[in-house]
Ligand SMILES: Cc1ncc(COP(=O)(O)O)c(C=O)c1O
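Heads up, the chain below is alone and in the form predicted on its own; it's given as structure tokens.
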């Protein structure tokens, strides 16, 4: 394609496809959606009230840099962050894209560890980046630190770490994160995507705040889509050192978050009662499903998220379709690098009971 107006690596790039909506599957049906890791309790009540109060001012432009939301995120961190360390964006996925645009270019390299969240690969390849996959260790899904270090070259700029991980639900303990950071050279940034952090119960888990403030080359990514129940508003943020965030902020678009997103985000962050209720609901539901999956002989991976990865003794597409006959949506994740596996969101108590009732019929038949 000599003198083509198209970039070949973008022309051939894949497009990320998120989970399907209820209306795409069965229009008008009362489905139980356990396929997208959303908050089944709904959105934060405080966020709903804030949206209602904002409706009369939609004729005005929002904060140019989401200043009120940035301030709230810093305050919510209980002294771990300053406002200068936070950059908001239109979802956690846009945070990923901004980081890639800021530090990557045609011919440079990044490292991922599959099974993992696919936008790391897809967004990087759209920039002509060479993506090096150092897979998680089989069965345990532990991080292969030696493999990652061996894969680093002079062209490496980013290492993507998901903690806890999507789609496996596993977490990386502090000692492994520290070992990785101490062995990574100065020209490489470790990106820690922690959008499920509220659901982790292990004492040896830390968010990226710990590593940023210890002076490591780290960027943390978060979103208000999971525990806060605001997936439909697409609110994300990243944080790092003031030097790194000032640099990334140069990519921000004018008025990149709507007034409704900013007001809802500020309210949701303050809604600690709702967050506590969400975390408790997930913890109870996760324990119930773990016990029932064991009883049913359904292979599962220990989870520290609001979902559980299972590997049924049948084709995952058949498993998905069988549950859909019971009006329950789940998600096969072979495209995440986990062949034969299905990801199931932890629902409310009644959802979880209906899921187990359906599985009893499916697996016994």
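Residue numbers count along the first chain shown, from 1. Not measured: the values here are computed from a predicted model.
There is another form of this protein, the form predicted in complex with the named molecule, and it is not shown here; the text below is about that form.
At the 4.5 Å threshold, heavy atoms of residue 226 reach the named molecule in the predicted bound form. Among residues of the shown chain, residue 206 is not one whose heavy atoms approach the named molecule to within 4.5 Å in the predicted bound form. Proximity of residue 193 to the named molecule in the predicted bound form falls within the 4.5 Å heavy atom cutoff. The named molecule in the predicted bound form comes within 4.5 Å of a heavy atom belonging to residue 120. Listed residues 219, 257, 96, 177 were compared with the named molecule in the predicted bound form; 96 is the one with a heavy atom within 4.5 Å. Taking 162, 124, 168, 240 one by one, only a single residue has any non-hydrogen atom within 4.5 Å of the named molecule in the predicted bound form, and it is 162. Stretch 226 to 234 is the contacting one of 152 to 160, 240 to 248, 211 to 219, 226 to 234, since its residues have non-hydrogen atoms within 4.5 Å of the named molecule in the predicted bound form.
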